[in-house]
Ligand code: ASP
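Just one chain follows, in the form predicted on its own, and it is written as structure tokens.
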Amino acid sequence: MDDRIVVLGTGGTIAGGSALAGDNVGYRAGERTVQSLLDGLVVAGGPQAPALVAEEVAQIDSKDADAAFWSRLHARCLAHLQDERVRGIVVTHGTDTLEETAWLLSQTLACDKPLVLTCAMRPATAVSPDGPQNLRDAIALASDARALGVSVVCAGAVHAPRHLQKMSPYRVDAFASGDAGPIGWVEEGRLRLVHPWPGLRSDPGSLAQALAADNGAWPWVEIVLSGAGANGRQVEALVAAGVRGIVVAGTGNGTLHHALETALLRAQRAGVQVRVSTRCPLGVVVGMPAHGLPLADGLSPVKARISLMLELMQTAPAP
């Protein structure tokens, strides 16, 4: 192993640019290359710092992430994980769907090296951009022997994909891990753990080899929200259109408006897979709600959607 860290660029705010210096809102994501983000970056370790190898995977706004993007990123991560010269991988990513990509990679890669995603809430042209420090922290984390598998670092905090959620649309410390809290912190290039490092997913099955690049090849799964005045018309329309799975963000402890519940039970009888999560950003659904629909294993709605898509990928389509 020649101790290199591969930095995969995918665009996002960290690579964003604005014609007006200091504009933290009116910018375009993915304007700069990942190599430009690395140029001039001071990495902890001095002469002993690992070699950094930049590779551009995409230059998108992460709100536009899709199957083709995920397939390309997954393939490049897999290739570098299998390369004996590579110590770890860093992925620069937009914040909007960071938690979804992190969860997807954590569930589909047998990852015995560190794979660290990072981001920024301010573009590279900001008066005080947060991207350079986040990138330095990610490289430091990817160089640490204790870091194995997929993690995320932002504003110094290190998060496990299962618990990570974007909590703010603007603050630089936009991410949190709910009740679990961060795994630890990167401080002056050093990892300080406050929880044991999460265990690795050792057997992601056939998904470790390939994810389809065609959006149409991914099972169609949608998220539906329960709230005051909810009804079943959206569910009925989705079933009629051929949806294969529905994740519902329930109120409180996974409860559902009665009209929506009725429609979801009908959808389940018609062969549609249903999972129930909660709108609440903290805690998990406790016990089994009266509706009896399958729960989402404590996952947020967006991660439950990904898990259900991956589950359906490995089962034959309904006749």
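Please read these numbers as outputs of a predicted model, since none were measured by experiment. One-based numbering along the sequence shown.
Another form exists, predicted in complex with aspartic acid; not displayed. Remarks below refer to it.
Only one of 239-247, 184-192, 133-141, 87-95 places residue heavy atoms within 4.5 angstroms of aspartic acid in the predicted complex, namely 87-95. The candidate spot formed by G12, Y27 and M121 is fully in contact with aspartic acid in the predicted complex: every one of the three has a heavy atom within 4.5 Å.
For the chain shown alone, S62 is a contact residue for aspartic acid in the predicted complex, at least one non-hydrogen atom being within 4.5 angstroms.
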